[in-house]
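Here you get one chain, nothing else, as structure tokens; it is the form predicted alone.
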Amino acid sequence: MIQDFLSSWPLFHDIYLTGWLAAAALSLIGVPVVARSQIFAGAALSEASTLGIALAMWASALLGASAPAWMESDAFLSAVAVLLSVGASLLASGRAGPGRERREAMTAWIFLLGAAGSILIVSRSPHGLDEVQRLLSSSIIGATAADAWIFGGLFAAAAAALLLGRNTVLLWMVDPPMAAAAGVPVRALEFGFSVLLGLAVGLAIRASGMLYTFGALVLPALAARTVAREIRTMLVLTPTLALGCAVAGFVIANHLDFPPSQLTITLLCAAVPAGAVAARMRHRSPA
């Protein structure tokens, strides 16, 4: 199995590295998402990013032969996806109004608009419809070395931000009112994290699709939360688990000729109940 995977490395190493680094980066950013009970926001932003790509393709098709070459480039599609994802993230963060119910309603609205709108926009374009279906099915084939560098840099930036401001960020994640009372710039943190989350999802959706993006964002943190007693532990365990499942998923998928994204997400799904069982056994064991 390992030998087969190593043999495929020269041909597919960009895809492997992109998948692994995307899983690590998204999972680390997903810790505050899970800690703050905003899990559904990841799905909503993924749909918003898909809507952005559909809009970009529609704009290019509308201009036809007169469309400039840059409008058909991957960079333009990714830029529009990021733009809509960041905008949706700011709306879903609660800046549109106070209260958890308002945030949940806005998140649901973004999800449904993105899901329905992206299909409607490309419904008359066979190529566009195929592209949206590819994003929804999460095919990571086509990832490039640039994608690997982007997610490597995103992971490094997120890790550095958490390391440098760990006490402030931890207090903000656990108890925002207490953080505000202690002088923590809660609004600035909310804004910065919303932008970072939107940026990460917008970049990932183009490279790895919705399923892999949403799964890597929330499943590792959900699994880590079942066994970790502190947020600090989650911050270490979450990307470790994400990277471990991603590496195992890609190696096994190569051997069995399975889709690597779907197999990786299946392993991460299995890690959630496995972590819960391990935590329960630990609590039942004698001190």
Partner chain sequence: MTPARPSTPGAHAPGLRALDARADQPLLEASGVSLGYAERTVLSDVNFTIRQGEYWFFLGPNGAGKSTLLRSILGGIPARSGLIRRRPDIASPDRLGYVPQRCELNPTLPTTMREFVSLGLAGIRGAEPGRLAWALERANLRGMERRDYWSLSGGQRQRAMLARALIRRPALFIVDEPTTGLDPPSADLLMRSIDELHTAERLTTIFVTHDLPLAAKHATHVALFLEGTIHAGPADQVLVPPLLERAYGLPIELHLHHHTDERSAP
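Just so it is clear, the model here is predicted, and its values are computed rather than measured. Positions refer to the first chain, counted from 1.
One more form of this protein should be noted, the form predicted in complex with the partner chain, which is absent from this view; the next part is about it.
Across the proposed site, Val174, Gly183 and Arg232 without exception bring a heavy atom within 4.5 Å of the partner chain in the predicted bound form. Of the residues given (Leu55, Ala61, Ala228, Leu243), Ala228 alone sits with a heavy atom within 4.5 Å of the partner chain in the predicted bound form. The partner is absent here, but in the predicted bound form a heavy atom of Val34, alone among Leu28, Val34, Ala43, Leu51, sits within 4.5 Å of the partner chain. Taking non-hydrogen atoms only, Thr168 approaches the partner chain to within 4.5 angstroms in the predicted bound form. Of the heavy atoms in Ala116, none are within 4.5 Å of the partner chain in the predicted bound form. Proximity of Ala108 to the partner chain in the predicted bound form falls outside the 4.5 Å heavy atom cutoff. For the chain shown alone, Ala161 is not a contact residue for the partner chain in the predicted bound form, no non-hydrogen atom being within 4.5 angstroms. The stretch in contact with the partner chain in the predicted bound form, judged by heavy atoms within 4.5 Å, is 183 to 191, chosen from 79 to 87, 146 to 154, 200 to 208, 183 to 191.
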